[in-house]
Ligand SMILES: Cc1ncc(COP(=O)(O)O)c(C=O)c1O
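Shown next as structure tokens: one chain only, the form predicted on its own.
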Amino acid sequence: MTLDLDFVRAQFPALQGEWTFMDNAGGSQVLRTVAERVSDYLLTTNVQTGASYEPSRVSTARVSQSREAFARFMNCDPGEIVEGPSTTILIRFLSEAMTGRLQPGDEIILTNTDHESNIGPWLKHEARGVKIRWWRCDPETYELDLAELKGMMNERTKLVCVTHASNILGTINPIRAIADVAHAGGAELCVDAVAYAPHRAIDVRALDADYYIFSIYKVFGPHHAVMFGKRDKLLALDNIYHYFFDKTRVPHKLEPGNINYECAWGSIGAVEYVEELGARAGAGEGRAAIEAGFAAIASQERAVSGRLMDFLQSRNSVRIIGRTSTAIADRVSTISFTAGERSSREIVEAVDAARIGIRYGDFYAKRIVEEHGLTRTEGVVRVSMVHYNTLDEVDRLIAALEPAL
């Protein structure tokens, strides 16, 4: 499937300016419809939910519709959708809510390829006698070995935490296979999907993850996030809201202080946008449209990734950090590299002059950068593209990068 790029780019007002945005893994540009929804909520239904008067009933319905939209987006039930400010905070909420189920001697498996959002919240349980075990990637290929995970599992393993796609490597991890290993060992699986969600259709039923979290501001929406949790798993979690919320009050017991209503309503625009892309490709509506929309997205991203990867691989000084394949099943369109002993900061600052936004550093995936000696170059250069980026933009980036390399 192919995208109508004129239509796509017209939906993002920021793209009409002079800058090219290739730092999308830090936050994508926002759809006009999302901004209009946020404004509409604040100007017409900015009241507390749950009351009997009409504006409150409308507000309550709008928040419910956001859960329905993301249930379509992830292929689950609306009652399995928890909302919050960011993935970082939602995983912290999840970690707190698992306190009653994690006992001294239990084990949690973490990876060194994850963003700190899916590491730091779990480390606090060490003080309670929970053991942290590290599933580390290969130092040369940066790949996680599934056989190694199988060897780490034992009767004390309660949770495995992993990213669906690394925000540095771009590598897509085999979540269903990881889930099968975790579940065979009696453990649950928590997946950080922030770097995956803008690029591919999500089907949590097929993936069989127990918890699956991503931030909507990486998926063309406002600064908001959603977490899927299997219904029985959510019911078993501790209540982290007021004392009078019992454990059956899902998802609200996991949303202390209530969610951001205007962001919840605005976020629906991101789901509807992907559905529209699929509908324009003739795929109908609902899940079918979402899957078709992401198929078109993946095809465009494969094209821009291939153009950039071909250039980078032609440079002897460049080392790709992660897979060099740009196959749709292998990676998303986030590409990181170093150039010999050159400072990544200097490379990025040279590109700034061309009005192209890329980035350097560790991107809060600090452990993989530190453990693999990438701090000596001030981290990696990261180019993170999405479907609204064009081949012409990649060519402009290449022209800016060439003298800097």
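Source: prediction; values computed, not measured. Counting begins at 1, following the sequence as shown.
Same protein, other form: the form predicted in complex with this ligand, not shown, and the subject of what follows.
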Pick from 176-184, 115-123, 318-326, 251-259: which stretch has a heavy atom within 4.5 Å of this ligand in the model of the complex? 115-123
Counting non-hydrogen atoms within 4.5 angstroms of this ligand in the model of the complex, say which of A264, V82, L169, V194 makes the cut. V194
Give me the residue from S305, T88, T111, S95 that has a heavy atom within 4.5 Å of this ligand in the model of the complex. T88
Does any part of T334 reach within 4.5 Å of this ligand in the model of the complex? Heavy atoms only, please. no
Taking heavy atoms only, is A25 within 4.5 angstroms of this ligand in the model of the complex? yes
Applying a 4.5 Å heavy atom distance criterion, does Y211 contact this ligand in the model of the complex? no
Can H199 be called a contact residue for this ligand in the model of the complex at 4.5 Å between heavy atoms? no
Members of 239-258 lying within 4.5 angstroms of this ligand, judged by heavy atom, in the model of the complex: none
